[in-house]
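Encoded as structure tokens, the following chain is the form predicted alone, with no partner shown.
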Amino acid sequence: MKILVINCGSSSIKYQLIDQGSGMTIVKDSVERVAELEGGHAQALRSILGGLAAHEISAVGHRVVHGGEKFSDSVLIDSSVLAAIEACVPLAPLHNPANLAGIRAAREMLPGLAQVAVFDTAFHARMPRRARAYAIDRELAEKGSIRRYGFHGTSHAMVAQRAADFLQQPLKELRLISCHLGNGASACAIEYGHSVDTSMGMTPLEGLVMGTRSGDLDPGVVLKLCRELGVDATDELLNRKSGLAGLSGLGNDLRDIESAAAQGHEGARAAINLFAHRAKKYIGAYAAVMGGIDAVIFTGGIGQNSVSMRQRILQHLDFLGLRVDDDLNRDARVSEELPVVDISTRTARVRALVVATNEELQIARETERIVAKSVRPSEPSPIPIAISARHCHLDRATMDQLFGVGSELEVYKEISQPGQFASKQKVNLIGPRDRIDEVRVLGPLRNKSQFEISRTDEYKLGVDAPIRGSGQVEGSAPITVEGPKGTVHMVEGLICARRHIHMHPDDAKNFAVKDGDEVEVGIKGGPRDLTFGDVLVRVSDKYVLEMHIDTDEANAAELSRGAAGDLVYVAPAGDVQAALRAPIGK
């Protein structure tokens, strides 16, 4: 299948025609000075499509810079999506209008094809509140949609998956820091496949030093500049005359700056040092946010090509387990044929990887996925939803310490999943701030102890428990547990359980999903319609069909016992071609 990827800017249109089956680029080109054409974007697209007339295009994927709060995923374009993208124009006045112009022109000329919007912000849309909020008046922030959105999402998502493939580990088991370094630059903390923090904020101006953007600034500096220069001049300074260009006075090409620095140019040296320092600082911060890392990724024009900048950034990070092999770093060359190169020493605990990004290929993949998701065979039955209160699972050693050596769990009542039960035994959880008594122990015993609480419980206890899948307790929160025969100080094991669906293999086949998939579940017809995203699918022949959420999530949806939800279906690969041929309403 051939997918046309369009990246429409205010003055140019970049495009690629990609064979999604092989991942090969068939055509790659651009049209410059679009604003000077008599017909603008529409005329430019007519020229592009004329040149592609010999190819059968299956679908169109559009890069859209800002999706605001509405879009947490790529989406099939219709009139309501267009209106929502237009509503985000104040958040990205230089980008979204051009994106819209390209979408409208493409829909007019290709009315029978599925067209998909892929947002730079979508990968970061579910960052935790602590990472996305600014510390300003909450009502003012909500009214003005003032929050951290993040960008470069398609690049961070792609290189994270490529790194996981290279490391031969599931992405959902890795903690990664992705450094997209180029004229635009951002860092992203990727914990178990999800963005949990990123350096760019409400706009692409925040964060790392960039080609012409300043990155992080004291807001007082901005206020001072606005008073002295005016708002427009300050905007021009911070976005187009700062960063590497402003520091060096030599422009924004790092190759020129590095050459000048070697000749003793002080401005060039200052630019290089500040660029590396800021990136190093974010790597350290994100390692702390995630409680450790498995790999650091370098991508983008600078990240993939500057040997000396990678070396500067990684220097003195041995304490994190990062050690660079200078020869491997010097010789690293990545391409579509060799997309990942490891520049770490053999004994390094944390890998340093150079990874080729390909945002256009990622947009093509997203386009295929979204179109496929729109194809629905007969609807599977609704999924029963169980509301899970706080509880815990114990291993043999912890059971002995809390209830006595050789003690056994006593069945209080059976629960929905076969072989599992609520026991008569209860424990008390003691945190730095408060305690929660009589937390039920579920049986049978497991090979790891695990204590599951809600966000509300977190604040009562005064702890910071990460959201984790069952069994993922490494690096989780500590907790003190009290039983009738003793007290145990757990160094890890306290989590907020990730929402998930238990499925028997027959259910998984019916829903066309597999173990480890992430889906969305829609709740309709109750007091409040709501869609739960990032729901983990867990498949075993020991399970019966049931979705588990905690009490906070149930309250948010105003759910009661007996509630059910519908899976947002992902079509099997065989249905994709049919979807691509199907007309999509405007």
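Heads up: residue numbers just count along the shown sequence, starting at 1. Keep in mind it's a predicted model, so treat the numbers as computed, not measured.
Same protein, other form: the form predicted together with ligand AMP, not shown, and the subject of what follows.
Novice: Evaluate T203 for contact with ligand AMP in the predicted bound form, applying a 4.5 angstroms cut-off between non-hydrogen atoms, and reply yes or no.
Specialist: No, T203 is distant from the partner.
Novice: Considering non-hydrogen atoms and a 4.5 Å limit, does ligand AMP approach R138 in the predicted bound form?
Specialist: Heavy-atom contact with ligand AMP at 4.5 Å: absent for R138.
Novice: Although the partner isn't part of this model, could you tell me whether G182 comes within 4.5 Å of ligand AMP in the predicted bound form, counting any heavy atom of the residue?
Specialist: Contact check for G182: yes, within 4.5 Å of ligand AMP in the predicted bound form.
Novice: R227 versus ligand AMP, in the predicted bound form: is there a non-hydrogen atom within 4.5 Å?
Specialist: No, R227 sits far enough from ligand AMP in the predicted bound form that none of its heavy atoms falls within 4.5 Å.
Novice: Do all of G153, E191 and S195 end up near ligand AMP in the predicted bound form, with near meaning a heavy atom within 4.5 Å?
Specialist: None of them does, since no heavy atom lies within 4.5 Å of the partner.
Novice: Just one of 303-311, 218-226, 421-429, 290-298 has residues with a heavy atom within 4.5 Å of ligand AMP in the predicted bound form, so point it out.
Specialist: Careful reading of the contacts points to 303-311.
Novice: Would you kindly say which of L353, C392, I385, L254 lies with a heavy atom within 4.5 Å of ligand AMP in the predicted bound form?
Specialist: Flagged contact: L254.
Novice: Which of E408, E474, E258, E236 has a heavy atom within 4.5 Å of ligand AMP in the predicted bound form?
Specialist: Checked against the cut-off, the match is E258.
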